[in-house]
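There is one chain below, alone, in C-alpha cells, taken in the form predicted on its own.
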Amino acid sequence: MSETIVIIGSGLAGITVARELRRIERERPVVVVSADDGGFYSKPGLSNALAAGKSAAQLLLTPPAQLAAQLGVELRAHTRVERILPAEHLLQTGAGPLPYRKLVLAMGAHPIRLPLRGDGAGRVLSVNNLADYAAFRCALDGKSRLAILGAGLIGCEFANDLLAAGAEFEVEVFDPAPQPLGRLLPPKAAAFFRERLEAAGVRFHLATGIDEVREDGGRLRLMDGRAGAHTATHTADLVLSAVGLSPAVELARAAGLAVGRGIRVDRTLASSDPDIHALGDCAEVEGRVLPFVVPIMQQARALAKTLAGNPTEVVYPAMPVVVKTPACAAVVCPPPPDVHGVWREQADAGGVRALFEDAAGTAIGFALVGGAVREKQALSAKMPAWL
C-alpha cells in the first residue's frame, strides 16, 4: 500500500496541515489536490480587501510552484476528486487514480444559496474564494447601489469594506434577523454595532427576507416576501449573497463516511474510517463546526502530530473572533454552543462590554464593541478552554 498522505484542499486548513507535518518529518510523500491553481492566500482577507485597494493577484501570498517547493509536496492543481474508495485506499480524480495511506479532507464549505425566485436570481454573486473576489471586483465597475443579503459576520465586513473603499457606493444590508451579527452579539452590543455602521453609511433592512430578484432594465429589483405577500421592493445594481456557508460533505457522504452538519470526526480528527481525517470548515468535531481561523490552526497542529504517528487530540483555547469592521471595532469570544447561560451587558457612550455567564455565574464568553475592545487580552486570559 502507498505510504502517501493525500490532502484534498489547498486552503488554510489543508496547507497548514502540510506545513505542520513538515515541521515534524520531511520524508513522507504528501500530495495536495486542489480544484483551483493551488496558490495560497488568506480567505478571511477577502472581505476587507477593497478598502486596501488590493486586486485578486495582490492577495495571492504564495504562488503554486513556490508553495509546493516550500512544503516539499506534490501539488496537483486544477484536479477534481470524483470519488473516494475507502476500501481500496484510492481516489478517483479527473486526472486518474490516486492511492493514499492516509487521507485528509480539507475541502472547506460552499456558500449557501437562497432559493430566490425571479429572472435576476442568476446575477446574485457570492465571494468564497479568490476567483469569486476577482469576479466581484470586476462586477463592481460602474455600479453604485449595492445590496448585501445577510447581516452576519461576512455581510457586515463586506458592507464596511465597500463604504471604506472610497467609491460612491450606497450599501443596503438585508436580513430576516432582528439585529446584525445575530449569532455573535447580544442585543445591546448589536444595537451599538448597528448604530456605528449606520453612521458610516450602511442601511440595514432587518426582519426583512428577500425571496425574489427580478431584472428591470439593467437593474435588479429585490422583493421582500414576508407573510406570503410582497411588502416592499428595493432596487440595486449588484447583489451580493453572504448568508453563510454549508460544509462540503458530498464526497464524504458518497464514500459512506458519517456526516452530520459536517464530516463527523473525533478529537483526533479521525472520521468513521480511521484512515480518513477531516478538518476546517468541512469538519464537525464532536458536534461542532467552527469556521474560524483559530480552531482551524489548532486542528491542523494536532492532526499533523497524529499523521506523524503520535495520536493527538485537538484542544481549543479561548478563541476570540475579530470582526473586521473599522466603523465599529468588535471582538467576540463565543461561549461553547452547548452551554446554557445569560449575557450580562454594560453599555456606555464608548461601547458595550458583555460577559456570558453560565449557571454558576462564571464568565465563559464575551462580546466587546467600540472602545470596550481594549479589554480583549485581559478577558481572553480568563476564558476557559472549549475542548
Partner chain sequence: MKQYQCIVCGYFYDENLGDPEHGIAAGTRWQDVPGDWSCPDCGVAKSDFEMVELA
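Computed from a prediction, not measured in an experiment: that's the story for all the values here. Numbering follows the first chain given and starts at 1.
Below, we turn to the form predicted in complex with its partner chain, even though it does not appear here.
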I need the one stretch from 95-103, 286-294, 132-140, 307-315 whose residues put non-hydrogen atoms within 4.5 angstroms of its partner chain in the model of the complex. 286-294
4.5 Å heavy atom contact with its partner chain in the model of the complex for all of 55, 181 and 243: no
Though only this chain appears here, would residue 324 touch its partner chain in the model of the complex if you measure heavy atom gaps against 4.5 Å? yes
Can any non-hydrogen atom of residue 301 be found within 4.5 angstroms of its partner chain in the model of the complex? yes
I'd like to know whether residue 376 contacts its partner chain in the model of the complex, with contact meaning heavy atoms within 4.5 angstroms. yes
Any chance residue 22 has a heavy atom within 4.5 Å of its partner chain in the model of the complex? no
What residues, if any, in 61-88 have a non-hydrogen atom within 4.5 angstroms of its partner chain in the model of the complex? 61
